[in-house]
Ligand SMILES: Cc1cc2nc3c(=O)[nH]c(=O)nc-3n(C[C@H](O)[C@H](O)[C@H](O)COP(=O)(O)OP(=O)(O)OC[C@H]3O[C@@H](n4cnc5c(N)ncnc54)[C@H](O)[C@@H]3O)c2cc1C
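One chain follows as C-alpha cells, the form predicted on its own.
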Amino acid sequence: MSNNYSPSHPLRLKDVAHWDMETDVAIAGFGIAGACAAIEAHQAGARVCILEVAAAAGGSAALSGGEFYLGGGGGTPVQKAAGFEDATEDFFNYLMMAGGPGADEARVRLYADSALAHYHWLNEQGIPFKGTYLPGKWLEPTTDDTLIWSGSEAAWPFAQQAKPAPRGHAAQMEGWGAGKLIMEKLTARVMQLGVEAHFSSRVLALIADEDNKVHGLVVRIDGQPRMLRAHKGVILCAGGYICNDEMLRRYTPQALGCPVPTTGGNDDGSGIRMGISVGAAAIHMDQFFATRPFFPPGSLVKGIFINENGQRFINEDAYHGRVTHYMLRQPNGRVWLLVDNSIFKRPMTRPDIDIAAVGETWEEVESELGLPQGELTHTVECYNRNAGQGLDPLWHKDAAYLKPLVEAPFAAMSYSERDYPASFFTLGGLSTLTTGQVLDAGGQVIGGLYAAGRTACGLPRWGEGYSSGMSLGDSSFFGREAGRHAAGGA
C-alpha cells in the first residue's frame, strides 16, 4: 500500500489493510455546508465524523457578509414585518432566472418551497436575526439590521418576470462580516451535539471499490495517514477551487482577470478532484462570482457606466456582481462611472478610487479620457434627455435611479481592470441530486458519495445571476439535505 495519496486517485478498497477509524457519515470540510450536514446527520441518528484541514472551523463562510437568500411562502417573518409579501412562485421565478441557462429546476423548486422553514431552522440553531429592514442599496448591512435588497430583484429584466422583494437576511451583528458569527453559532451547535471533529486534518483521497462505490477516506491526522471507514456515506464539503491556479486555468480562465480571491484559503479544489477521481461529473466549471463594488453610497447608482467606446453596457441598478461581469467583457477592460457633482461620493469599499477625469463640461471629460470624439457626449446627452422623462429605453434602469447628469463639475471614476482589481470565487462543482448524491457523467448515482457547498454545483451557477446570500443559503440548506440523506444510506 503506497503512502503517495492524491485527491485525483482513489485508494482502492482492496488495498486497505485495516481501518484505523470508523463512523457512519464522514464529512470533509467544516464550513457552513459541513456544519449543517453534521447537524442533520447526527439528528437522524448517525455517527458523524467531520474533518477540517484548518486549525478551526469556519471555511470561507466565516469570511462572508453573513447573508442568507431566503423568501417565499408569502414572506419570512422579517419580510412581512417590513411590509413585503414574497409569494413562493415569485421567489422560484427569480431563482430560475438567477440560475441562468443551466438552472436546476428541481433544486430551485425544493429550495423555494422550503426556504421559509429553513429560516426558522437557522434561527433554531442559534443564528440571530434582528428582524429589521435596511432600505437602500447595500453590499451587506453595516448596522445590525436583517433584511436588505441583495440582488437584482428590482432591476430589469428580473423585476419584469418576478415580483420584487428584498431577500438578503443577514445575521444580527454590527459592522461587516457576520459570517464569522454564523460559523461560531453553527460550530458551537455541532460540538454541543457531540459530533466527532478533527482539525488540522487533511483529507487525502477517497476509498472506493472497483465499481467506484465510496467506502471511506484517507485522512492525515497528526501527520499520519489514517483509513476512515464511512458505513453510510462520505460528504464532500471542501469548498471550491479558487486557490488552485491549475484548475482556474483549465476551467475558468476568464476569472484569471480577477486577481483578488474571496476564500478562507483552503479552496484548493481537492473535494471536486476527489469526486472526479471516482467518475463524478463536474458542471458549470466556467462560472464564477466577481465584483468591483460601486455602491454604497446608493447615489452612485444614478451614474452611468461607459466603456472605451463611450457607450453604456448595463443598467446600473442591477446587482454589483452582475454589473461586474458586464465590466469584464468590455474592450480592453476599460470602464468608467460617470457622475455629476450632485451625486459624487467615493465608494465606501474603494475610497481611494482613481478619478480618471474631471471637467466643467462632458466634452472635457471625454477629451481627458481620450475617447472617440462625440461618443461620450452623445451617450450622456441621450441618457439625460430620457432620464428627465423618467425613461431608460436602452437599459431600463428603474426610475428611482434616473437623474440627468447636469450639475458641473463632472467626473469619471475608473473601474478599469488595471485600476480596480475584481474579487471572485468559483461556482462550478460536482453534479448532484437535491439529496446531495453525486452523479457521474451518465447521470447515475455514485454509491456512498455526497457533496454540498461550493464543492457541488448548487443554486448559484451563473455569475450574471448571482445574488448575495445565495451561497450561504444554498450551502446550508443542501448541506442539511446531504447530511439527512447520507444518514439514511447503507
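Remember, it's a predicted structure, so these values are computed and weren't measured experimentally. In case it trips you up, residue 1 is the first one in the sequence shown, and so on.
Below, we refer to the form predicted in complex with the named molecule, which is not included among the displayed structures.
The partner is absent here; in the predicted complex, the one residue of C457, V53, A46, C49 having a heavy atom within 4.5 Å of the named molecule is V53. Checked against the named molecule in the predicted complex, the residues N384, S201, Q172, S299 give one hit for a heavy atom within 4.5 Å, which is S201. Of the candidate stretches 230 to 238, 340 to 348, 411 to 419, 366 to 374, only 230 to 238 has residues with heavy atoms within 4.5 Å of the named molecule in the predicted complex.
Candidate site formed by F30, N266 and F425: every one of these residues places a non-hydrogen atom within 4.5 angstroms of the named molecule in the predicted complex. Contact annotation: I446 falls outside 4.5 Å of the named molecule in the predicted complex, judged by heavy atom distances. Among heavy atoms of M470, some come within 4.5 Å of the named molecule in the predicted complex. Though the partner is left out of this view, S270 does reach within 4.5 Å of the named molecule in the predicted complex, counting heavy atoms only.
G58 belongs to the set of residues with a heavy atom inside 4.5 Å of the named molecule in the predicted complex.
Shown here without the named molecule, the chain has L63, S64, G65, G66, E67 in 63 to 102 lying with a heavy atom within 4.5 Å of that partner in the predicted complex.
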